[in-house]
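Coming up is one lone chain in structure tokens, specifically the form predicted alone.
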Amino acid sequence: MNSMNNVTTIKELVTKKITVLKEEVIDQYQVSFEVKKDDVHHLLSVLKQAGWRQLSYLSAVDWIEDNEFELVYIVFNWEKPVHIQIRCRIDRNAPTMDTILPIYPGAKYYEREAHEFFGIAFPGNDSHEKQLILENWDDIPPLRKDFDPKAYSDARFPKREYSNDHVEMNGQKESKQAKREERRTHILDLIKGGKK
């Protein structure tokens, strides 16, 4: 069966079981479905039973203007090589989504990462609040669009003053940048029909 037939089969399977808010065929190997938050677990269960046994990815997108996060789950079937994206929107002010651990046990670390970088809670995953990457982080999650990396850096690290003095590297007398600029000028002259 070719990949476009797989996409058609997937669309039929999903739309028969769930009300889809938005559907997008990205290419012959990837299709995306946006569904309601309450339908995600049911849809993931249906897909897993149909052969999409691998959770390849779980993350989020911060739609700050809409005051929402979009959770993105990507599952894969080795026999029908099509990635399926399941997307849903959740409230940014109280971002929670029940864990999918009963369906995909490998989601444990993805959910921890989404909590750490976006602040999304995953009730049912007892370790979702454990730090995974950002050791001793004490600010708002850094992938939220209202996180200000400059303010964070200014508050925690001393300002550095930089001079305009340049250090000679590797005993070279002439700058590599100067040689590059000279070659660039020579090439532009050749293109314009100038000196050779």
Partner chain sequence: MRKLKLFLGPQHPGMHGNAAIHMYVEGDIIKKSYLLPGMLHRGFEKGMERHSFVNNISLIPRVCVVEPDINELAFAMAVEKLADLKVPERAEWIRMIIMELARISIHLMAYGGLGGPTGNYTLMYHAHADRNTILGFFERITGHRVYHQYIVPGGVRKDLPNDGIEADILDFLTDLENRYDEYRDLGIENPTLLARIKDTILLPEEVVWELGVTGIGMRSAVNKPYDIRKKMPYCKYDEVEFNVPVSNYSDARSRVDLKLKEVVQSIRIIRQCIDKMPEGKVRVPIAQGQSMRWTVPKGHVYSVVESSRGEFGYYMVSNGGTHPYRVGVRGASYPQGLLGIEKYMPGTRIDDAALWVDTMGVCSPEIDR
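Only the largest set of C-alpha atoms that superpose within 1.5 Å between the two forms is called the rigid core. Positions refer to the first chain, counted from 1. These figures come from a predicted structure and were not determined experimentally.
Keep in mind that the form predicted in complex with its partner chain is not shown, yet the notes after this line are about it.
Within 4.5 Å of its partner chain in the predicted bound form, a heavy atom is found for all three of S32, S56 and S59. The shortest heavy atom separation between H41 and its partner chain in the predicted bound form exceeds 4.5 Å. Although the partner is absent here, E113 is a contact residue: one of its heavy atoms lies within 4.5 angstroms of its partner chain in the predicted bound form. Though the partner is left out of this view, D91 does not reach within 4.5 Å of its partner chain in the predicted bound form, counting heavy atoms only.
Contact check for K36: no non-hydrogen atom falls within 4.5 Å of its partner chain in the predicted bound form. In the predicted bound form, the residues of 91 to 121 lying within 4.5 Å of its partner chain by at least one heavy atom are, in order, P105, G106, K108, Y109, Y110, E113, F117, F118.
After superposition on the rigid core, the Cα atom of T19 is displaced by less than 2 Å between this form and the one not shown.
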